[in-house]
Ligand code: FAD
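Taking the form predicted alone, here's one chain by itself in structure tokens.
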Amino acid sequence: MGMPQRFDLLVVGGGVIGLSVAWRAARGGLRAAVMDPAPASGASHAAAGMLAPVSEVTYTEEPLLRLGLASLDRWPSFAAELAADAGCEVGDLDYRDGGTLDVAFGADDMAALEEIAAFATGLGLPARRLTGRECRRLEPMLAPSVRGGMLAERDAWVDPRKVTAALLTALERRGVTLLRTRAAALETSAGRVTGVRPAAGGTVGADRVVLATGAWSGGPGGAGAPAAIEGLPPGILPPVRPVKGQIMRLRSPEPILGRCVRGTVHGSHVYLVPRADGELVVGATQEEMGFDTRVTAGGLWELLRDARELLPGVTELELSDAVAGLRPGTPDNLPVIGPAGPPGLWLATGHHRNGVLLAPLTADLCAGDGDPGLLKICSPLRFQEHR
């Protein structure tokens, strides 16, 4: 078939993480392949694409903040190199860095936002406090009831669907092989992982296998879960679980926001992400529902109800799309990246709501180009040691 019998790197999983890892490897001169029956169709397809480590900072997630900032710094060069390899412009990815406006309605919301702003500025991160009037000066369509806000000026955003489309084009142009089949089992020899046995039959050999299967990385998950990859040593799989997120896309002739807007409404977080073509992404629910990917009337109603509190005119927009994706969550909310035990096997999963943000850093870490301290934060061994 003209396909090499063995690859330097075989990535199992074709979401934004797996595609980025393979692309980075190919740019480094490795002969790479990606195995996925339906690449770019899972959580990456559903995601809004917020690159927002600053606006999502919390007191208990400083390690995640370090990872997010390191990856955010990589995004300008990642976007430029990807656009060059895909034969498009950076603007075609809808990559923009206008910051995130986090708004508050009540006294409690304002107090919480003040604490987050103080925490961020204490870490040297740009987080500008704003009055309600200043918020509406930045975004005139905001509700009059907005009392104040915080502008995280370093935050950015991108269109994940355009990024994964560009990655697929770049991989093809770099000669990366795309195997549209499910991985059935790992192949091992003398205790070392030597490749993957596809569901379609045969064997694909590789010097290194990277499992980047997102919410399906934790093994058997009950009803709706796909079959687990066989041949994994006991205790290797991380405790990754699916976290369902429903998200809708609305459309207007012109963009009605100039930057990402977030807020807390009825105790739930809601965000609005604008696109240059007038699309507005509204998300997202957080549901512990296993592998359920149904879009429900209740989920969409909650999103629209909360979005209307931030942006009253949102109910006049056309509904163009509604999907549900499965985020790969971990107990400590940190990703799982690095060697996983037997030689020849790496993991790149568990990115939860930050997969798009962390794609450049994950690709670099898997290529051996990154701060060893950051790789240690993400090590799969942290869960194996606990077991």
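Since we're looking at a predicted model, the values are computed, not measured. Quick note: we count residues from 1 along the sequence shown, nothing fancier.
Not pictured, yet referred to below: the form predicted in complex with the ligand.
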Query raised in the report: Does Gly245 reach the ligand in the model of the complex, with heavy atoms at most 4.5 Å apart?
Result: yes
**Report entry** Contact of Leu347 with the ligand in the model of the complex (heavy atom, 4.5 Å)
**Finding:** no
Query raised in the report: Within a 4.5 Å heavy atom cut-off, is Leu326 in contact with the ligand in the model of the complex?
Result: yes
**Report entry** Partner contact for Val336 in the model of the complex: the ligand, 4.5 angstroms, heavy atom
**Finding:** no
Query raised in the report: Do heavy atoms from each of Leu10, Arg24 and Thr169 fall within 4.5 Å of the ligand in the model of the complex?
Result: no
Report task. Just give me the single entry in Leu67, Ala340, Leu357, Ala32 that has a non-hydrogen atom within 4.5 angstroms of the ligand in the model of the complex. Result -> Leu357
Query raised in the report: Of the residues Arg208, Arg154, Arg182, Arg259, which one places a heavy atom within 4.5 Å of the ligand in the model of the complex?
Result: Arg182
